[in-house]
Every structure is written in C-alpha cells, then in structure tokens.
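Coming up is one lone chain in structure tokens, specifically the form predicted on its own.
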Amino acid sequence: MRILILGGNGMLGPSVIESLGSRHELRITDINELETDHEYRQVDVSIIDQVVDAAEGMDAIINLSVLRPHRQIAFDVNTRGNYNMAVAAKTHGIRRLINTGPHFQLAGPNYEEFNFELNSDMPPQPGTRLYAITKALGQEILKVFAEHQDIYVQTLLFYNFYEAETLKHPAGGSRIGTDLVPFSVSWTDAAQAIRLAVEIPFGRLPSRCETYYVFTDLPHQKFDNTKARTQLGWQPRHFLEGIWTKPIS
C-alpha cells in the first residue's frame, strides 16, 4: 500500500514509520526537514495545495500532525489540516484516512470528572481547551466527508506515551511509583494500532467513520479500550505496571 504520512517528524512519527516501513511504500512529509530512507517532501499541512500535491498516487493518508499552544496555528494545523487531507482524498480517490488526536477531543472535562467506563462511541464533549476543540472540529470535518464521500475515516485517540523498556515519558525522567494517567501507552503499541487501522479491510468496519481509544490496560478502568481490541485486533504488549506499582519499603 502507498501511504502518505503527514507530520512524520513529530513525536509519534518515528514509531509509525518503523512499524509500517517494511510492509508499505511510504511518502513522509513534515513542515521541518527530516532524514529518512523513505521518500520525503516538506509539506505544511495547513496549505491545501501542498497536501493535495503530496497525496497524488497514494492509497491512504495518516495524519500525525499537531499544534497545541498558538490559537491561529492550532486551528490551521488541527482543524484545517484535516479538511485539507479530506480534500486531497476526494481529489485523488483515496478511500482510507487515519486521523490521530488526544482522548479529550472526545472526552472532555464533563466526562472525565463525572463518568466511568468511557468508550469511544460516546457523543463528543471536548470542552473549551484550545488543543481539544481544534482537534474535535477537525474530526467533525472528517465525519462529514465520510458521510458524503466514498471515504473511510478511522480516528485513534492517545494521550501519554512511554518507552516500554525504561518507562520514560517524553517530558523527561522516569515516572516510576507515580499514578499512571489514563491513555498511557508505549510508542510501539501505539504505532501497532495505527498499522492495524491501515491494514483492516473495509468490509470489517461497521461504518465509514470509526473512533478508537488506544491505551494499555489500566487498573481503574475509567476508559474502555475494548473497541480497539475487538475491531482492530489490537493487543497492548506493554502494560507499564512498573509505573503505577509503588515499591514496598
């Protein structure tokens, strides 16, 4: 399969490239320069012509791009970027779009503070945080395209990533002996979920727009990752117990 990756130089990009690189033909894009053995193009996801041009000849698009703090650029990347991806898919007849984002673009404060066993088929309530609401708007755009075009959209929602061997967090240092935040997962398990979403036959998808919660099994069960397991066949290999298991002195 020929796959376009948007935001390939971001936090999750290297793991996804490693997971897909030996199985598919990749075209990697990012706003920054990137050294890679795969085809690379410098693309600003907020510029529609660049995204459409980069998508020519592709069979699928994976959007890993993200911008959090700046109001205008966050909208341009998180919201407009998804619109540009959808237009590129329609232009070139690409049927498979893989979107990624934070869990709170669906489950904002109202859910997190008062509910239990939250699942990825709930009505979205992202709240008012910039990152969450711009990502949620981008997801709604993809949903509209899926309803009116021959396009399949799969959205995978994450939050915290850890190195499976060292239990280190991207913010730095080990979190051993601390409470594990929901939606924690190893980089490799997250990338595997994206690979499975890319490779699942359309006939096994219940609809043209599906959303998955992706995180390791956690003891408090506030959120539910059953759909990723049953529909994608995803199984977390790294359970990260060392983070939440406090040593007995």
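If you're wondering where the values come from, they're calculated on a predicted model, not measured in any experiment. Start at 1 with the first residue shown and count on from there.
Just so you know, the form predicted in complex with a small molecule exists too; it's not on screen, but the next bit is about it.
Engineer: Any idea which of 65-73, 216-224, 200-208, 52-60 reaches within 4.5 Å of the small molecule in the predicted complex, heavy atoms considered?
Structural biologist: Selected stretch: 65-73.
Engineer: Although the small molecule is absent from this view, report whether residue 19 comes within 4.5 Å of it in the predicted complex, heavy atoms only.
Structural biologist: Flag for residue 19 set to no.
Engineer: Spell out, yes or no, whether the shortest heavy atom distance between residue 39 and the small molecule in the predicted complex is within 4.5 Å.
Structural biologist: Output for residue 39 is no: heavy atoms all beyond 4.5 Å of the small molecule.
Engineer: Answer with yes or no whether residue 86 is in contact with the small molecule in the predicted complex, where contact means some heavy atom within 4.5 Å.
Structural biologist: Taking the distances in the predicted complex, the answer for residue 86 is no, it never comes within 4.5 Å of the small molecule.
Engineer: Evaluate residue 43 for contact with the small molecule in the predicted complex, applying a 4.5 angstroms cut-off between non-hydrogen atoms, and reply yes or no.
Structural biologist: Yes, residue 43 is a contact residue.
Engineer: Is every one of 7, 131 and 135 within 4.5 Å of the small molecule in the predicted complex, counting heavy atoms?
Structural biologist: Yes, all three are in contact.
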